Ligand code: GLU
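Have a look below at one chain only, the form predicted alone, in structure tokens format.
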Amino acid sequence: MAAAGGRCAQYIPALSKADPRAVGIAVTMADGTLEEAGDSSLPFTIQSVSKAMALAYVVETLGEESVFARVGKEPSGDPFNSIIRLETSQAGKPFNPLINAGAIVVSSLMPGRTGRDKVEGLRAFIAAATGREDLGIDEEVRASENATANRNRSIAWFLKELALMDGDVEECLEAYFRQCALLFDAAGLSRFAAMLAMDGLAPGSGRRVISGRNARIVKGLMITCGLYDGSGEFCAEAGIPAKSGVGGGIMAAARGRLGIGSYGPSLDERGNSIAGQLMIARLSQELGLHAL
């Protein structure tokens, strides 16, 4: 696992203000029971955790063929904001939906004309999946991401050149920035993860949110690509699908058992929460959650 001694994300100035000592974890069981410890109710921007949520939303809304005609299902082995694989890929599309290039494509496919419209639909989907209506948007973080997005703009315009994005580039990027700036907490992440763990059924009520196949598609990509170029190491240690974000969150789904949400903004060199990785791996080992 990653060594101690990380720091909060620096490349988005607003994220660097987080308290690096904050740590929290929450677990939602299949019956909806919630167990929490530490800073589990402290709001933070979910950043790239939103990529798995947006993928679930768009695949369920448009169908998997519409999505995977424009983005692949393979690990890249590169950092989350890499451009080189997009340019050299023989497939002519991003390797997967959980790196920035693939996630921007998915954001562009969300229903709605404007970036705000697209993310309102995503917010309603997350609320339906979790029973939580309290998803705000951190406007300071959104503005900070927009102001420092030169690499993501380069990626987006290249995607437009490849005819992988419809609509206005800036509106698609606005949707991406807004989804990354959604405010949630570890407890909320654990409820969404529990829905995935139950193959698309909401914890407690058993109400279907997404199809079982779509839930498995999302989890399959999470276990292979969810922690970027640290995915293989985390899979060997924890053995369950997970998705991280540079805001410090990780959500993980143990099939048929439970969902986990963690928060710890001190990151390793790959952009993954150090505390979150350690807590989830320890929990997996103690509860026998390893799926492999």
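Every value quoted in this text rests on a predicted model; they were computed, and no experiment measured them. Residues carry their position along the shown sequence, with the first being 1.
What follows is about the form predicted in complex with the named molecule, which we do not show.
Novice: Any idea which of 63 to 71, 22 to 30, 245 to 253, 232 to 240 reaches within 4.5 Å of the named molecule in the predicted complex, heavy atoms considered?
Specialist: Heavy atoms within 4.5 Å of the named molecule in the predicted complex occur in 245 to 253.
Novice: Heavy atom within 4.5 Å of the named molecule in the predicted complex: which of D185, E145, D138, E174?
Specialist: After the contact test, the surviving option is E145.
Novice: So the named molecule isn't shown here. In the predicted complex, which residue out of A18, I274, A281, I12 has a non-hydrogen atom within 4.5 Å of it?
Specialist: Here the answer is residue option I12.
Novice: So, in the predicted complex, is N100 in contact with the named molecule at a 4.5 angstroms heavy atom limit?
Specialist: Answer yes; at least one heavy atom of N100 falls within 4.5 Å of the named molecule in the predicted complex.
Novice: For S76, is any heavy atom within 4.5 Å of the named molecule in the predicted complex, or not?
Specialist: Residue-level check for S76: no, no contact with the named molecule.
Novice: In the predicted complex, does C180 come within 4.5 Å of the named molecule, counting heavy atoms only?
Specialist: Answer yes; at least one heavy atom of C180 falls within 4.5 Å of the named molecule in the predicted complex.
Novice: With a cut-off of 4.5 Å between heavy atoms, is S40 one of the residues that contacts the named molecule in the predicted complex?
Specialist: So S40 does not count as contacting the named molecule.
Novice: Can you confirm whether Q47, N152 and Y228, the three residues that make up this candidate site, all sit within 4.5 Å of the named molecule in the predicted complex, judged by heavy atoms?
Specialist: Checked in the predicted complex: all three residues contact the named molecule.
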